[in-house]
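Quick heads-up: it's one chain on its own, the form predicted on its own, in structure tokens.
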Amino acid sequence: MTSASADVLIVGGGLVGLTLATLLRQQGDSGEYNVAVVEPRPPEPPGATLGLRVSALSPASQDILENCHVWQNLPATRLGPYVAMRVWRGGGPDGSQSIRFDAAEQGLPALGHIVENELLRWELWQRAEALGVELLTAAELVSAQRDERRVLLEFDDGRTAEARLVVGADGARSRVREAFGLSVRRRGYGQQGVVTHVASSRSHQETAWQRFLSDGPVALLPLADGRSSVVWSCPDQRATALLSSSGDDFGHELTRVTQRVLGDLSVTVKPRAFPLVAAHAPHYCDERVVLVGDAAHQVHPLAGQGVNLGLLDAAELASRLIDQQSLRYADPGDKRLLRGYERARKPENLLTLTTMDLFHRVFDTGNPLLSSAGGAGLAVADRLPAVKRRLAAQALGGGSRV
């Protein structure tokens, strides 16, 4: 079948891959890269109701999406801003083991927004297409070969593609990472993230609520329609029990463990679950190949940073590729350029991964003494402005070059 050819070929048309493609085509000058995206499952137009899978996007992510001219196209009725975060262990969100973050303290209108993944992916796909990105709905990658000047990819539907740089934006089970022999270190938490949407008898007050239980955190994230999105990280056995329970039983248990912070909760969407893991690739790149997003790293969802880290990856890589276009012999597959991207992003990604891992070890071990110490630590951090500002800056993406 007909081959495709590009300067930069991105395998994976998810949020991170499409953001990278859009940023690379945004420049509008004669030196812009020829970009293609390969994605076996293109997005569908969003439905009338809010989708189940959502992300908590930081202000840094919003800046990136505004630069893509995508954020401006998201309907305000589908964006759930949160102006505060309340995190606690025991005693309630105002108790002695709690911490609070407010947008006003950070000089921001909001700490972030809860956005549907598929709505955002649809808008990014439309924008990429309008900018001239070649969108290939090819099947799965089966082989890759490279020489000094290019990479040749073959897909299981018989199509081929060649490029000067291949970007693996194809998620946690990256075929690109495997095809080029880039390793990954992965550790399972023995937990699943149970997700659903709930209605509540009290307003969510545009606040993200999270409680650390003895076996994992549970979060209530404010949706634009007044409901809340639930992310409940719990052991496999408990997740199985929750998924097999009735909607009423699920709602009663969720109401209990969140200490009725939003009153009575009722399930409005059939719950689903996904396994939780921590993963990190020791090397993000090799000659003419580079990894972004979940292909390079995965973190526990307790702080909702997975997509935000991936978008920062895309912004950093795009910035370096665009900067190199001014060079006479610019080569997007130059390993020195790709190493620069890796050096810029790996420390922050590792810091977030190890911080989330530390929270998991402290709160989810089942050791009441350690968990109580962690709860006390929340209260201490709440009373130390410098520590609190640093935690907030990390969550907001303020420590990154966007």
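Nothing here was measured: the structure is a model prediction, and the numbers come from that model. Residues carry their position along the shown sequence, with the first being 1.
A second form of this protein, the form predicted in complex with a small molecule, is not displayed here; the remarks below concern that form.
Exactly one of the stretches 138-146, 204-212, 255-263, 68-76 approaches the small molecule in the predicted bound form with heavy atoms within 4.5 Å, and it is 138-146. Contact annotation for residue 305: at least one heavy atom lies within 4.5 Å of the small molecule in the predicted bound form. Taking the partner from elsewhere, residue 15 is found to have a heavy atom lying within 4.5 Å of the small molecule in the predicted bound form.
Using a 4.5 angstroms limit between non-hydrogen atoms, residue 314 is distant from the small molecule in the predicted bound form. Contact annotation for residue 301: at least one heavy atom lies within 4.5 Å of the small molecule in the predicted bound form. Among 348, 334, 39, 32, the residue placing a heavy atom within 4.5 Å of the small molecule in the predicted bound form is 39. Site annotation in the predicted bound form: the residue of 121, 177, 89, 288 reaching within 4.5 Å of the small molecule with a heavy atom is 121.
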